[in-house]
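Structure 1 and structure 2, given next as structure tokens, are two forms of the same protein chain, each shown alone.
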Structure 1
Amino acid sequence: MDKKEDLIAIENLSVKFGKQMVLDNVSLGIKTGEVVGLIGPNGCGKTTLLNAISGFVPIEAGTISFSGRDIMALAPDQRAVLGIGRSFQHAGVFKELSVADNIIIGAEKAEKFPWWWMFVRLYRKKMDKIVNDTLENVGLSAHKNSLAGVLSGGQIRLLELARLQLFKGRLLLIDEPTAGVAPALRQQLAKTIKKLNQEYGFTIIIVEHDLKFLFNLVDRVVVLVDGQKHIEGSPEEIQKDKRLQEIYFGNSD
């Protein structure tokens, strides 16, 4: 049996903001096809780690490789071209546009449609199918013609994941998917993330505060504390680890 390769290899990574070391000598490997959760107290470096992988913060020390290639010198847009997709803590959709138009903008780029595609019937039919299929996958078909700005927090998250679904890449970095999401929509959110992994083949790293939501989704959990990797293991192992209780509920300075 072939051993899965490391899609992302992070070695001795440190990130410093001013005099504060936000990530301190973090090493982490993510296998192709894995879903890995990042958890830890506020300010422990979770989002910074995603930003480092996607190229949005300067690196103090260490290396990051993607599919065996050193990507340290690459800008965020160059990393996206290589196949690293990113969602943000505050959902990145165009609220002044319709739900359908949000999908169209993503599809134009992903499918490399020519600028004049809307004047050709064949392209219009293809785009209409992409929009309809994508929205059906995330349960937003009924909102196709609504402005994205009138959607609920959970629906906006689903729209953002729908746009990621169109991304022609291999790795998705998803930051706080349940932020602002009502409990009723969290099941659909989890279903969509699972589909991105199992049907679309994305390797996924998720930052999330809702531990129950996360543990039901991921293959592995990494716990960061004060910018360092503190615990790592399967969801079952992490839940049984007494150190997790201490981190979240024990004495803190």
Structure 2
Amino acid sequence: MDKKEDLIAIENLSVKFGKQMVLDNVSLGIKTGEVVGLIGPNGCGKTTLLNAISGFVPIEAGTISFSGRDIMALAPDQRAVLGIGRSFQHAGVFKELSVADNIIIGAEKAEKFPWWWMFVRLYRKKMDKIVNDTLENVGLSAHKNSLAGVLSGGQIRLLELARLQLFKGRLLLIDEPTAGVAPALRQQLAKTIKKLNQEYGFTIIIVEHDLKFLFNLVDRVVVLVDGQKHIEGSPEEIQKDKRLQEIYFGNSD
């Protein structure tokens, strides 16, 4: 039996939007250091589950614990400070800020810089180094002073993941990282996500539709269907599931 404690434990979670039950009695435990994929048909509640963990949707029933602590009463910013990082399905950067400012807004919080840091040379130099190193890692140094809005979809994703690297947290919730990303950039994305797990020690939950991309990354897969947990297991076990094949490949008995 695996004795590692759950970093995040979700018990009997239900989320309702109006009369529509979007998540229905979902229970899930994620161990520290795991990379877990979350898949299922459109509208099955994958993003809602991430939103529930982040604190962006009200919970109908159930509990969510992070590192053994009940986080239900915490606001989203408080959950982020606790160590829950998030990337979003759409536009995880601020398009009206420069690429550098997009890094700075995350880094100054993560590094706990004082609010007056930009008036002190020492802090400015430190921040410049953080920004330059981060952008160099993802090949965006040339766009440092451009507005983030001019970047391509793939570059935006890379910028978002680069900012997450600076996040001093323990859990990352990544929502459809390959959406709008050219196939050529997907390998770089996969490398970055692996680095976040193996070098930076993040536990990761990924929502993704590209199963080939996902199954190369994750230790375990959870399948949601109609707001309920259908099955979970290793990528190899999941691929044999008939219902999953029906959903993704249209196979029928």
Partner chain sequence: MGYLFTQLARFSETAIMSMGAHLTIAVSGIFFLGIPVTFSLAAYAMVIAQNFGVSLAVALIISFSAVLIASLIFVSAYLKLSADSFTVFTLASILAFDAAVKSWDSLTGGVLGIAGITRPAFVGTLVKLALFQFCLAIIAFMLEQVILKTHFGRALQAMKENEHLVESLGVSSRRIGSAAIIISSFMAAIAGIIAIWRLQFLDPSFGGLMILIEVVTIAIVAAKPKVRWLAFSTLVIVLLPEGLRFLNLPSTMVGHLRSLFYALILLVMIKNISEKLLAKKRFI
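When a residue number appears, read it as a position in the sequence of structure 1, where counting begins at 1. For clarity, a rigid core is taken as the largest C-alpha set superposing within 1.5 Å between two forms. For clarity, every value in this text was computed on a predicted model and none was experimentally measured.
S.K.: Name the structure that matches the description of the form predicted in complex with its partner chain.
M.R.: Only structure 2 matches the form predicted in complex with its partner chain.
S.K.: Taking the rigid core as reference, does residue 152 move its C-alpha 2 Å or further between the two structures?
M.R.: Stays below the 2 Å threshold, so no.
S.K.: Align on the rigid core first; then say whether the Cα of residue 232 has moved by at least 2 Å between the two structures.
M.R.: Moves: no, less than 2 Å.
S.K.: Aligning on the core only, does the CA of residue 142 end up 2 angstroms or more away between the two structures?
M.R.: The answer is yes, as the C-alpha of residue 142 shifts between the two structures by 2 Å or more after core alignment.
S.K.: Could you state, for a rigid core superposition, the Cα shift of residue 241 between the two structures in Å?
M.R.: Rounded to one decimal, the shift is 2.7 Å.
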